[in-house]
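One chain comes next, on its own, written as C-alpha cells: the form predicted alone.
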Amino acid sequence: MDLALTGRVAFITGAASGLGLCTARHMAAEGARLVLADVNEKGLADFAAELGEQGTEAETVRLDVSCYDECQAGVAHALERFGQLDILVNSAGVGGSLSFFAEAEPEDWEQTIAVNLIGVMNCCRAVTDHMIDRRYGKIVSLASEAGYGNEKRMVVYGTTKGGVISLTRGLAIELGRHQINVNAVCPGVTHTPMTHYVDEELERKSERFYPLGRLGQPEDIAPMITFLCSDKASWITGQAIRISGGFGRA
C-alpha cells in the first residue's frame, strides 16, 4: 500500500533503537523526511548515515524528552531545516525498576514518569502550535498493554502508559477541530533493548499468555504506527490500538 508519505516530515523520538528506529525505517521507505531524536547521539549519527546512503533526508537532534526546553528547541530545529512538521511519533521510553511498588521509593520512579509520560506531554505541546496553524498533524504515541491492565512489578511503568492512553484520548478531542489526529499503539512484550531482561526461560513462560504463541518484534508494531501517520487513517483518532498477539483480548 502506498501511504503517500512522500514529502511529509516526521519527528521521531527514541529513534536510535527499538521501535523508534524500526518506525523510522518504515517511514523512510514510504518517502518521508525524518527528524531523528534521542539521547544516544552516536546511535543517531550511525542511523542517519545509513538512511542517507539510501537517499532519505534525515536530520538528527540530541533530545532528552523530559526537558521541555529541549523539546521546543528540537521542534524549532526541525522547522528551520524542513519548514514544516507533519508527524510526531513519541517512541522514547524507559522500562524503570522491576521492584514491587511497596519496596520502591520516589527516586525509583521519577525518571520513568519524566520520560514515559511527561516526555510525551512535552513533545506533544512542542508541536501543537505549528500543527494548529497548519490545520494538519498526526501524533502517535507508544503506550503499552500495561497501560490497560498493569502488572505486579510494573505498577509505575503501567501507570505512565495508562497516562499516555488518557492523554491521547483527551488530545484527540481538543485537537480534532484542527484536523490533527492523535492515536496510540499498545504493544505487548516486544523484543527491543528495553526488554533485554527477557531471557529464553522467561520468554518460554511468557509465550503461553499470547494466543499467537510468541512475543512481539518491532516489525510487528512499526507498520501500524506508519499507517496511523498517513492520510489513509484520516478518520481514526483518539484510539489506543492493542498490538499484542492476542494478549489482553478486549
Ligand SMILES: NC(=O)c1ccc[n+]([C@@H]2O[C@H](COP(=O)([O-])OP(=O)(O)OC[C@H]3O[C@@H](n4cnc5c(N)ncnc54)[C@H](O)[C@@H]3O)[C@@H](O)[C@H]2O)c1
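Counting begins at 1, following the sequence as shown. Remember, predicted model here, so these are calculated numbers, not experimental data.
Just so it is clear, the following notes concern the form predicted in complex with the named molecule, a form of the same protein that is not shown.
Judged by heavy atoms within 4.5 Å of the named molecule in the model of the complex, the contact stretch among the candidates 49-57, 201-209, 182-190, 25-33 is 182-190. Listed residues A16, V9, L228, A240 were compared with the named molecule in the model of the complex; A16 is the one with a heavy atom within 4.5 Å. Of the heavy atoms in D38, some are within 4.5 Å of the named molecule in the model of the complex. Proximity of T168 to the named molecule in the model of the complex: non-hydrogen atoms within 4.5 Å are absent; the residue sits far from the partner. Although the partner is absent here, M194 is a contact residue: one of its heavy atoms lies within 4.5 angstroms of the named molecule in the model of the complex. In the model of the complex, the named molecule stays beyond 4.5 Å of every heavy atom belonging to V127. Taking a 4.5 Å heavy atom cutoff to the named molecule in the model of the complex, the contacting residues in 142-158 are L142, A143, S144, Y157.
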